[in-house]
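Below sits a lone chain in structure tokens, taken as the form predicted alone.
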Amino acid sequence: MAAAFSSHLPALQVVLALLAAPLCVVLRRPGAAWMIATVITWALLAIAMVLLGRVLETGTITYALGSWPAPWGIEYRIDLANAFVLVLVTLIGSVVMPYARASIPAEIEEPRIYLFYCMYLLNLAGLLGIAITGDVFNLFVFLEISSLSSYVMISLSRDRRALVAAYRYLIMGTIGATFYIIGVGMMYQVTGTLNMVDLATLIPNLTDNRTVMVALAFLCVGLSLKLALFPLHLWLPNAYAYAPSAVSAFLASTGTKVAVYALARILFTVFGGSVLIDDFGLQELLVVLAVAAMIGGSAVAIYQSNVKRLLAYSSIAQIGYMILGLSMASVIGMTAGLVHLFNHALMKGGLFMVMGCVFFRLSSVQVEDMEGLAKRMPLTMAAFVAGGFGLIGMPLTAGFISKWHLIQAALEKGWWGAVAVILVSSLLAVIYIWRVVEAAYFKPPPKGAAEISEAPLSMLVPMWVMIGMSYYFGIDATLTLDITTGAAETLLGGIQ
């Protein structure tokens, strides 16, 4: 019995959240919906960790839905790369849920809170589905599930500007999905299959086929919109700035990260990326876009007065780091990109949680409204400083580990210019982090400022857990580097 149940864990990783989402609508009670979402998320984290352990022990896991073997049926295929992403998504979701208990009622009207938990579970199912599926059309289905639920979660905010942000995201996301599905259709027209294993064996021999190359272009544009790669990032700043803080923390830590994984999977697994990148000039294009994101995102962040918007532009820059690592098409470069994917999720999730705590007490996240805040909310602002050190890349932080390995990868390739860009972007991060630190620590509170206290423990503890993890994996990065190195070798080595 236990063995039979255990064999269905790959399906349960997605199905549990899909089945639980309608329960939140049926019950309509915020407390019950929160309890369901929390229990399911922690159960999914346990399943993800079991699956990662199995992959480390026995290798790639395959699961045929409905016992229909691939390529006729849909296959879930779990290797070290997507097992790593499954753990990341469920880990972030598990920390966000306790935080949401107090944060969500402060930013979403009570009659609509149950909708948030329903959409959250759908989003979680979509993100996990993107990571676990071995079918390119099924990836599109899960991409749309996660996107549609994201639009709703953003729009639920009391701030009316969130509606405009969600609508813009919807338009851009729909364009991205359309590009992706056109690319899938073109691949199917040429190969007659949607299964990634089949495609990985067929497409490397079809690189002189114009339809396949056009399909690749459509897939890259579609996924680049989803991951907010410069210059296709215009939806992201407002979406993160005006969404409820728990939503910003969750989406910033998971949504774009899963899309980066999907792009890597398409490029390196389906299209055999190493040869493709060298032969078709894709490497140069990715490097240019990554550098533009790193410098442009950091530079624009400096001028933001809304700190959530500042962090959103910072995310655009950090996505540039990940794409730079992927573009190197080497094990050390891919490892640096993947480990930064994990580390940035922890740092940025923690920083958006900080802003949620600030908003909970101030009803504002403007820099000028945070003057003198360090004396009134010392634990919260200390967390911001700690998370900011990670974005800058200070030693003992997870951000340092990412940037150190990215610099090593660039030096291995002889890309001295990339090293300079990494250092310049880090210096720009010092400036935008300092703006907030200066206001909170070195300026007096505004005249007549009300006395406030720290946010509830249910918000402070998850916030510090997230920041604490970013330091733990900065001090001892053995586990994350071992897993991401194996994941990089898996992606670069093709289907095993």
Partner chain sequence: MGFMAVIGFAVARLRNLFAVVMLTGLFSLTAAVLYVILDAVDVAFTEAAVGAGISTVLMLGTLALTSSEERVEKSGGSKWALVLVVVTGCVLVYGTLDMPPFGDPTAAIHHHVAPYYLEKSGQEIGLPNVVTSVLASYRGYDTLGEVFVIFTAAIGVLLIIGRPQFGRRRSHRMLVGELHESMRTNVILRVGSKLLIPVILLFALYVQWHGDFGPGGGFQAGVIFASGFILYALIFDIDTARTMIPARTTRLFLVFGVLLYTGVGVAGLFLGGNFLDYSVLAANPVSGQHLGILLVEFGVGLTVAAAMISIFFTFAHQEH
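Residue numbers count along the first chain shown, from 1. On a predicted model such as this, the values are computed, not experimentally measured, just so you know.
Below, we refer to the form predicted in complex with its partner chain, which is not included among the displayed structures.
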**Asked** Counting only heavy atoms and a 4.5 Å cutoff, which of 131 to 139, 254 to 262, 89 to 97, 323 to 331 contacts its partner chain in the predicted bound form?
**Response** 131 to 139
**Item:** Contacting member of 202, 423, 382, 234, with respect to its partner chain in the predicted bound form [4.5 Å, heavy atom]
**Value:** 202
**Asked** Just one of 471, 63, 464, 34 has a heavy atom within 4.5 Å of its partner chain in the predicted bound form. Which one?
**Response** 63
**Prompt:** With the partner left out here, if you bring back its partner chain in the predicted bound form, are 68, 118 and 211 all within 4.5 Å of it by some heavy atom?
**Reply:** yes
**Prompt:** Taking 4.5 angstroms as the cut-off for heavy atoms, does residue 457 touch its partner chain in the predicted bound form?
**Reply:** no
**Message:** How about residue 73 - does it come within 4.5 Å of its partner chain in the predicted bound form, if we only consider non-hydrogen atoms?
**Reply:** yes
**Asked** Is residue 371 close enough to touch its partner chain in the predicted bound form, meaning at least one heavy atom pair within 4.5 Å?
**Response** no
**Asked** Is residue 190 close to its partner chain in the predicted bound form, meaning a heavy atom pair under 4.5 Å apart or at it?
**Response** yes
**Request:** For the stretch 145 to 181, return the residues whose heavy atoms include at least one within 4.5 Å of its partner chain in the predicted bound form, in the order they occur.
**Result:** 145, 148, 149, 152, 155, 156, 179
